[in-house]
Structures are given as structure tokens and as C-alpha cells.
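Shown below, as C-alpha cells, is a lone chain in the form predicted alone; questions about how it binds or moves come after it.
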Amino acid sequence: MIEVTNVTKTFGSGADAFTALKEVSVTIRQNEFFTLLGPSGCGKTTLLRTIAGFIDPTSGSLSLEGRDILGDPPYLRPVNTVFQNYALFPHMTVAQNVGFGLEMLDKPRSEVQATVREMLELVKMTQLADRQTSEISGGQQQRVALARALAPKPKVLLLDEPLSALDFKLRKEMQIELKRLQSETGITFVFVTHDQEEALTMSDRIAVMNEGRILQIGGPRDIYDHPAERFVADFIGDTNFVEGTIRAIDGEAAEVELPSGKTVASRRQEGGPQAGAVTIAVRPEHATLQAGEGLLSGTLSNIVYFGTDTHYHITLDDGHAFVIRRQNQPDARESYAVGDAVGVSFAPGVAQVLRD
């Protein structure tokens, strides 16, 4: 659906120049929920606005369904945008807001009315059609903004952190609703967020960005379980980092010697390190705590109960921190205490060798 090739965007010139996008290339497929994920200032919104036509790139190319659209103004691109602040018209009703774009396109009145009914049913807002948008809640306003953007039936819907203003529970509900809407309409969604949970919950694929570059693209499970770089591993969820040394490699497998002197079979990405000192990543839920000796050993420094699970904070013998997350079972009693000498183990293939 969208092909971004070597797009660079520099703001300003000379000593004041700032490059927000650095030769970014990405292919976004038809009918997929694609998420641009990264911290503030990483370039994700700049890329989204470039696709929308609000920003012209300094260099590179951009096509939609194989057609170059860089010369097209925003209103001629088959793309709509849902902004963070929704940008609804407070003097109009819900139905009037949804139909506004269609009226600007000079669609027949009967078509406008039919589409408005269809969109309000889609976002479950039919009963509030005659309300002013200033009289409805934030979550309802977001549904209206979605309906208005979907009404002209764009080929691509761009969403710029549309859930950030909602409270925690409503944000959870809208994550499910957004994925439902994308599945029902078949429209390509390009979603911008800094929230890893949002990205993992809704996306077909995720592009992790930092400092104007895309570091890794993949499905949620692939990004979480097989991070290619330390930044990706650290940004997506909680991660333990352990220094080690590669002793042998076999394709995507590597035998890594840990600080304890023991070795563990680890995964490595194609093009990853083949020898020498490396860092491996181990997710807290992939490691186990034991009273006896493990792959690593240390002292239990803290136990934090979270209801659904318990986090065990360990100070390893080399002074580094390690966290293990264990799911709680009904009526289970705590068998460890702060100060205990403990071992840490993880199964072969769980650790991921990271690129620098």
C-alpha cells in the first residue's frame, strides 16, 4: 500500500539544521495495522505527516499503491488523519461532524446521510447522533473523530497518538475497538505511539524508531522475543542485560559464556556478532529463580508483589541487577526472603544476542 524509500527530512539549515528522518525506508502492506513506535523526538510523527502530505521530505520517494504521491497536496491523497486532539467542530452535532468531509466533497445528500448512519453504527455512536460534540466524553469524541476520518473511505488512515488523552481503562477499551475497526473496514491503519503495550496489543507489524531511523520491523511477538538491538530490547518491555563472550556459533545459534563461567545456548540475528564480548537479553518472565546454584548466582535484594505476578530483584555476584517475574498462583506462599542466596536459570534459546 505504502512504499517509503530513503526518506530524509531536515529542518532548518547550517548550524541550526536538524535531521528528523535519516534515509528511512519501509513498506506498509495493504489492510494491515502498522505501528510506528518510539520515544518522543524519534521521527515517528514526522514520518506520519510526510505520508499525509503535511511535510515535504528533503529527499527520498513516497508511493501509494505504486503511484508517486509526493507532488500531491494532502486533500488529493486517499489518506485521512486522526489527530491527538481530535479537532472536532464543537458547534456541530456528532452526525454533522461525521458528514462534514463528505459534504466538502459535494457528495449527494442521500449518500452523506447513509454513510453517516453506517459510520455511527460502526463506532457504536448512533444514539448520540444529535448531541453536540462538546457534550460528550473524551472517549466518545475519539469515536466521532474516527467515524469522520473513515467516512470518505480512505485507503489509509493515519492515527497520531489518538489514545494518549484517555484514562487508563478507556484507553484499554479503545485499543480493542481500533483493532476491530481496522479488521472490519479493511483499511490500512498507520498508528503512531510511544506506548509499547498499545503497539503490542493492536499491531500486525511494528517499526521501532529512534533518532530518525527505523531499527527493526516485525510482528509483535518477533519484536518482543527477538529484539535485534539493545535499544529495541530495552524499549519494548522489561529486559535483563547480561554481558558474555561468544565461544561458538552455528547459524542463528550462539554458545555464550556467562560471567559465572557457565555457557548457555542463545539466539542471534542474521548479521549479528560472531565472536568476542556481547550483551544478551533475557526477559524477566523467561528466567527462573531457584534456591540452589544456577547459570548465574546472587543475593535476593527485593521482592515486589504486583497481584498478578511477583518481581524478584537479584544482585548478581558481579554486582549487576537481574529481575525475575513469576506469575502468582492462588493461595501460594512466598518461599523466598530478602537476603537469600539464590540461583538464576533460563532455558537454552531464551537469551537473545544483541547487536551494538
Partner chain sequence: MAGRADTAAARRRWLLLTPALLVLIFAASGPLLIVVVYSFLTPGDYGGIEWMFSTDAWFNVVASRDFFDETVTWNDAHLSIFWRSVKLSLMTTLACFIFGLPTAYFIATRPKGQRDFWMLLIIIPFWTNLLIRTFAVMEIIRNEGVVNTFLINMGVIQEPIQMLFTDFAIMVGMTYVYLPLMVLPIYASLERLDFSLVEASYDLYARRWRVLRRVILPLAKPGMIAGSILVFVPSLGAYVTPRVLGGGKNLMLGNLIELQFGQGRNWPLGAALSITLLAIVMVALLIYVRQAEREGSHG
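Residue numbers count along the first chain shown, from 1. It should be emphasised that the depicted structure is a prediction, and the values quoted were computed from it without experimental measurement.
Form predicted together with its partner chain: not shown, discussed below.
Contact with its partner chain in the predicted complex, judged by any heavy atom within 4.5 Å, is made by just one of 114, 176, 104, 253: 104.
In summary, among the residues 78, 219, 186, 138, the only one with a non-hydrogen atom within 4.5 Å of its partner chain in the predicted complex is 78. Only one of 278-286, 167-175, 258-266, 83-91 places residue heavy atoms within 4.5 angstroms of its partner chain in the predicted complex, namely 83-91. The candidate site formed by 49, 54 and 100 is fully in contact with its partner chain in the predicted complex, as each residue has a non-hydrogen atom within 4.5 angstroms of it. Residue contact with its partner chain in the predicted complex: residue 143 places no heavy atom within 4.5 Å of it. Although the partner is absent here, residue 152 is a contact residue: one of its heavy atoms lies within 4.5 angstroms of its partner chain in the predicted complex.
Remark: residue 237 does not count among the residues lining its partner chain in the predicted complex, judged by a heavy atom distance of 4.5 Å or less.
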